[in-house]
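Single chain ahead, written as structure tokens, the form predicted alone.
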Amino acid sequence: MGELTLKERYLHILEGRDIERPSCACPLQTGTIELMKKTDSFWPQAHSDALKMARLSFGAWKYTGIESARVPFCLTVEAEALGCTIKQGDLISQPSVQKHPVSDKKSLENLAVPNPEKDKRMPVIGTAVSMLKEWTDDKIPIIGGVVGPFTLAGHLRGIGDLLLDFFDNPGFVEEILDFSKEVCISFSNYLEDQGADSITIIDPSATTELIGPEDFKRLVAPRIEDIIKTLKTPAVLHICGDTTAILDAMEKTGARGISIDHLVDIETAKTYLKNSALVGNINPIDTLMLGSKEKIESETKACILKGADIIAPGCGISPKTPTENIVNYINVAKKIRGKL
């Protein structure tokens, strides 16, 4: 058998097969200012223009060697389609939610699951996925990013009010989460239909810094599992912060890849994960954006030595990250065959 394509390597790893080296795919955001300049595709326009979005995502592979193409670059697509007011951001800041439409049960009942083929930026993401599928000749993995149910619930309700609801109105929390789950299912399935080879579920607000492990296991994990059960392609799950206490629950969702923050020790994580591939976890700021060549090389090698299966930053790549730093970690990872 010949050399694996980048798509085959990524999918084989998520399937649990033994591979001669790790993948250098990045299931999280990859847009940087330098790549925007190279592709003439700048934020915030690249958040809403399918061609610019696809060019910028394609540029991450073309100019750095990242072994995937991933869209979108922000976490507000679903929120905007549901009526949240969005601040568009600029070259160095992603769009963010400013106003939340769910003030009570009635306002939640007035919401409907968006139609991803028509509503706001959802079809833009689908078009970008289709473009990338064509441009890459199906040789590299196309990854669609969707916001997880707890983070989307926070966008709708406001994270502060949502956390208060845990004590004041726990039933309402479950209703918002159930609705958010249905939005995630609809959008994930749509991106698959447009050609996504894998779905990354990003649920940063579900961090143990905001909700306890038991609440995650009781309220969030089962709904993520429901989303993943509807997928035809393998899912990667990313939650920010130190997720050590919930790694077992993250794996039980059915996610084939678990993406960990740099705060999580890889060797410790490997003791919790029995079936899922481990994705991560280079420090995106201190190492990848600001670190020396030697520091980047050392941390990349350490990730492989400790057992990471897909070598990637522990969170989305900062827009200010130099291209040469990304190229550096990719080159180190690609040279290593097997474990050190």
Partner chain sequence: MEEKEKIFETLKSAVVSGDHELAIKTAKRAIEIGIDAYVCIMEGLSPGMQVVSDKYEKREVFVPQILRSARAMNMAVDILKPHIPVSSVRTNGKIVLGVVAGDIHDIGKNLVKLLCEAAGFDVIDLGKDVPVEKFVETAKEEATDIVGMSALMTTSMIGMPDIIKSLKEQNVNCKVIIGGGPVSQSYADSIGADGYAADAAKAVKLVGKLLGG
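Positions refer to the first chain, counted from 1. A quick note: this is a predicted structure, and the numbers were derived from the prediction, not measured.
The same protein also exists as the form predicted in complex with the partner chain; that form is not shown, yet it is the one meant from here on.
Which residue, S107, N115, T268, S96, has a heavy atom that falls within 4.5 Å of the partner chain in the predicted bound form? After the contact test, the surviving option is S96.
Pick from Q194, T233, T208, S186: which residue has any heavy atom within 4.5 angstroms of the partner chain in the predicted bound form? Residue within 4.5 Å of the partner: T208.
Going by a heavy atom distance of 4.5 Å, is P213 a contact of the partner chain in the predicted bound form? P213: contacts the partner chain in the predicted bound form.
Does any heavy atom of K87 come within 4.5 Å of a heavy atom of the partner chain in the predicted bound form? Yes, K87 is a contact residue.
May I ask you to check whether V264 falls inside a 4.5 Å heavy atom distance of the partner chain in the predicted bound form? Output for V264 is no: heavy atoms all beyond 4.5 Å of the partner chain.
Answer yes if any heavy atom of K320 is within 4.5 Å of a heavy atom of the partner chain in the predicted bound form; otherwise answer no. Yes, K320 lies within 4.5 Å of the partner chain in the predicted bound form.
The partner chain in the predicted bound form: contacting segment from 117-125, 162-170, 250-258, 186-194, heavy atom within 4.5 Å: It is the stretch 162-170.
Residues of 253-290 having any heavy atom within 4.5 Å of the partner chain in the predicted bound form, listed in sequence order: Residue within 4.5 Å: I285, and no other.
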